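Below you'll find only one chain, the form predicted alone, shown as structure tokens.
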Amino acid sequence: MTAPEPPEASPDTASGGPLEAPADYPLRFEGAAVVLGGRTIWSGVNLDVRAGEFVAVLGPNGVGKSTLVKAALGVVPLSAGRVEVLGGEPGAAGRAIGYLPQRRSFDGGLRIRGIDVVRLGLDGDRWGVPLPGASKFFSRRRHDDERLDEVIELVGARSYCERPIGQVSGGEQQRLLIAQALVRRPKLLLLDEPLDSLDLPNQSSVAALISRICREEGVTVVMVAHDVNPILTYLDGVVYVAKGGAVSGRPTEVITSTTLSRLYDTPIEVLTTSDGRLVVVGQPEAPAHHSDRHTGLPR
């Protein structure tokens, strides 16, 4: 992940060409702004995420963290600037993006098996069975089954994937949902608060899993989080969103008293506890104490 300062001029930049090959930067924002209902959520956002990085989107509730992810998906349009996703327009990458929306609860009586939830990532957009060329269909089905086995093993869900999704723990559900997002072998994985509502041991294990997926599968991960501490040791970069803008860079560059005070235009102190956890003193609220829901405001 690179800092938001513009690069030096080069033959490519002088001619208006790409700064790097699209594969080098799966996600880029340039002078981006979003206005919803007449309110500016953020503006002037510049962000370069390099291939294979694990990046967290941080900030207090209501500043538009989830809006940034939705802009990358093409769900929320920009009001200014541009966003480039895997070298193209947002919404055009299709199967190359895996997306896990903010955690949804499963009813305890839901009977659909975990493995079937994962399979929806493969064929949830298909209707019926194609009769012509049935042999081709069965070949594809065998390939899909092999990929299901791979991704179930990858997230460590083998022992409970046959159980109803409503009868496994929250951490196990989240692993199955991550498997669903991975099953089509995406190049970019967008996760919206995957640690939300999990207890600390499950937060740690799921964070370690996401980091391992990033390294072993070569997937670029952009993850919205309300607490940086469970993932801090795994991160390559962070994006800290404020009301009106954002700053990006390495965690040690961004989560500092100087940077956050400048971003929020108010005195903020970042402290490190004896066990390595970060505490933000002042406004905005500390990442470790963000509430789980913020009705009526963009996240």
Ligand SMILES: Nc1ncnc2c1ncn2[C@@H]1O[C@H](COP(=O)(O)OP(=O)(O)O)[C@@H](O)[C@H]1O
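Heads up: residue numbers just count along the shown sequence, starting at 1. Model, not experiment: these values are computed from the prediction.
Keep in mind that the form predicted together with the ligand is not shown, yet the notes after this line are about it.
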Is Pro60 close enough to the ligand in the predicted complex to count, meaning some heavy atom within 4.5 Å? yes
Under a 4.5 Å heavy atom criterion, is Gly64 part of the interface with the ligand in the predicted complex? yes
Within 4.5 Å, heavy atoms only: does Val270 come near the ligand in the predicted complex? no
Might Ile255 be said to contact the ligand in the predicted complex, defining contact as any heavy atom within 4.5 Å? no
Between Val247, Val55, Ile41, Leu232, only one gets a heavy atom within 4.5 angstroms of the ligand in the predicted complex; which residue is that? Ile41
Identify which of Ser79, Asn202, Ser197, Gln102 has a heavy atom within 4.5 Å of the ligand in the predicted complex; exactly one of them does. Gln102
Only one of 45-53, 247-255, 261-269, 32-40 gets a heavy atom within 4.5 Å of the ligand in the predicted complex; which is it? 32-40
